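Only one chain is given next, in structure tokens, and it is the form predicted alone.
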């Protein structure tokens, strides 16, 4: 579904992403891991159009998206969860989801002042709310949610947006162990439903338990890729995390 070919991105003399290549298989969960500063978020930003590459290319469903804007990649079906919550604090959770599902912003504002949301979209929002366990606080303002509730609402917003490919940047960072388990179970449910997911996560137990494939970066380079079992015992990976 997604293929990165020889991607490079430098910041001055720093090689943040250095000749990076890997593939994402449809219907699977792929994890992008590596020590701090290894280039993971830069890769995410290159895929989603926030940053532009110095060289190399990115293909999505056979279409080159290397030079596309954030809006263009989003319209092709790439939906992203960011490290930090980006909900609209003065809107309710429901309104945040309406804004994500209704790509016509004019219609979103009309919905707020009394126009009825399409039944199909309303049903979709309710379905995702139930799936992500946020039904109880759908009508709360986002700014009044706990951190864990915000994380679930962010995941719901990424899911409700029309998409073919889901990018999750540290979905369980800072959440409680019970919520971490809940999100783990949610991702496995999503995979069963056919979702294609690329995630960054520092919690190795979480990552290795949910992923079908793991790609390991160090200093902007891919140093290993394979199944979680293969990555656990790879000497290059152990060296990158633990040192000599």
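Positions refer to the first chain, counted from 1. Just so you know, these numbers come straight off a predicted model, no measurement behind them.
The protein also exists as the form predicted together with a small molecule; that form is not presented, and the subsequent description refers to it.
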Looking in the predicted bound form, is the small molecule within 4.5 angstroms of a heavy atom from every one of 47, 77 and 161?
-> no
Select from the listed residues 146, 83, 135, 90 the one whose heavy atoms reach within 4.5 Å of the small molecule in the predicted bound form.
-> 83
The small molecule: the contacting residue among 30, 66, 184, 41 in the predicted bound form [heavy atom, 4.5 Å] = 41
Going by a heavy atom distance of 4.5 Å, is residue 37 a contact of the small molecule in the predicted bound form?
-> yes
With heavy atoms only and a cut-off of 4.5 Å, decide whether residue 202 touches the small molecule in the predicted bound form.
-> yes
Any non-hydrogen atom of residue 16 within 4.5 angstroms of the small molecule in the predicted bound form | yes
4.5 Å heavy atom contact, residue 95 and the small molecule in the predicted bound form = no
